[in-house]
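What follows is one chain in structure tokens, specifically the form predicted on its own.
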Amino acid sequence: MHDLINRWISRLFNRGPGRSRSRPLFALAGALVGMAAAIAVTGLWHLGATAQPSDAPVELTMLLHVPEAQQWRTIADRFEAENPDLRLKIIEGPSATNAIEDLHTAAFILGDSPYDLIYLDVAWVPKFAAAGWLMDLRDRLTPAQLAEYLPGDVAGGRYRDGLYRLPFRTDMGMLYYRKDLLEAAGLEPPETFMELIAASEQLQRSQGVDWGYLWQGKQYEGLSAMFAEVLAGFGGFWVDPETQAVGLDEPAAIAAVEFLQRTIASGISPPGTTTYTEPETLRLFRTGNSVFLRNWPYVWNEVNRPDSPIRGQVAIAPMVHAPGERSGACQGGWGLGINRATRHPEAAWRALEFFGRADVQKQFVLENSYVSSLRSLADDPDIQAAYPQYRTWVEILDNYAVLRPPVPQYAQASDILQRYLTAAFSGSMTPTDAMAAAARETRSLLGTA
């Protein structure tokens, strides 16, 4: 481990006579050393191949965040039972998605990633693919096989002409609402931003609820995902993946910021919205004192638990939009890629084929209440019996999926957007000035200024 770290630092800083060493590079090296040390201490790093008898099962290793590592246990056991010549070693990593991404990044940069299978968030694909860390899977799947998956999930696994991620489970943003409150007031579910505002204000007055609309406003990745939906609902765009054009300073983007800003200023949304992530908004919604919530599919089970005050009183719909525009549902979800440097490429592909099977994904859905990336499971009677709203989830994603920009610099682009949205919400910048600055920095990042 020390030799590997020393080799990396040597490559980074011994840049030849007369060449300067920048402070950012020292900081980067320090961060990489820290991550590598953490990997070593927790036993996640494996250097070199372990000697095994020739007839021993091939071991495939993958890193999963908690609690999904536990949720995978039964299908992992099934995989090994059906493939006695293979073993699947699941490493439990941190629960934070960005921490898992950092561990993978450090392992790849340091040159000997121990993971054969890479469980990928949709937002990581461009970065990992552009760096050459993933195997291109496009020649292993026919167009007919790809057509079995939801198109947004397939698109989320592509980078340029390649396919680097096989979809496993999907995710999408949507609008939850209190159907009992709307029915009592004689209101239909809102379809536009203005209808959402009007219904919120009316129900705050007539039903005595504290809040009309809950959304994620903290400066983190969830803010970018949420804003991508509102932006699409106003007919705008963030970054065009084909032309690299940036749309953050267009009128639609400014209108999107003004709408969110207005919900806080008018008291429809709580003043603490700029500190909320998904769990905080869910907790407020579950108390029964709110009407609308933007969140992900996992919320359904949470609001319908036996101890939930609003059990049976919640329905779902696509996100609202501007008149004449379409709803947006931010494409989330996870899938499987293969480490380009794995020693077991064919065994890894067998694993992807297994976890891509409809019967395996059905088992995972029924056990954990996720949404499969396979279109056919929307018609499965067992899934429909367990989750009556399942088809609506699939229809929302099928019709309104919005991808975050599939660019290698996505993490930096998201950080830029988050910072300037926060500035607009806090009042330190106007929406117009904040979005102009966000667009300017994004163009500089992409080299299109």
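Rigid core here is just the name for the largest C-alpha set that superposes within 1.5 Å across the two forms. Throughout, we count residues from 1 along the sequence that is shown. For clarity, every value in this text was computed on a predicted model and none was experimentally measured.
What follows is about the form predicted in complex with a small molecule, which we do not show.
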{"query": "The single option of W334, W215, F227, Y164 touching the small molecule in the predicted bound form, heavy atom within 4.5 Å", "finding": "W334"}
{"query": "Option touching the small molecule, based on a heavy atom within 4.5 Å in the predicted bound form, out of E278, D249, D136, D116", "finding": "E278"}
{"query": "Contact of T97 with the small molecule in the predicted bound form (heavy atom, 4.5 Å)", "finding": "yes"}
{"query": "4.5 Å heavy atom contact, G222 and the small molecule in the predicted bound form", "finding": "yes"}
{"query": "Contact label in the predicted bound form: M319 to the small molecule, heavy atom within 4.5 Å", "finding": "no"}
{"query": "Contact of F108 with the small molecule in the predicted bound form (heavy atom, 4.5 Å)", "finding": "no"}
{"query": "Candidate stretches 371-379, 254-262, 119-127, 194-202, one within 4.5 Å of the small molecule in the predicted bound form by heavy atom", "finding": "119-127"}
{"query": "N304 C-alpha shift between the shown form and the other one of 2 Å or more, rigid core reference", "finding": "no"}
{"query": "Per-residue C-alpha change between the shown form and the other one, D249, threshold 2 Å, rigid core fit", "finding": "no"}
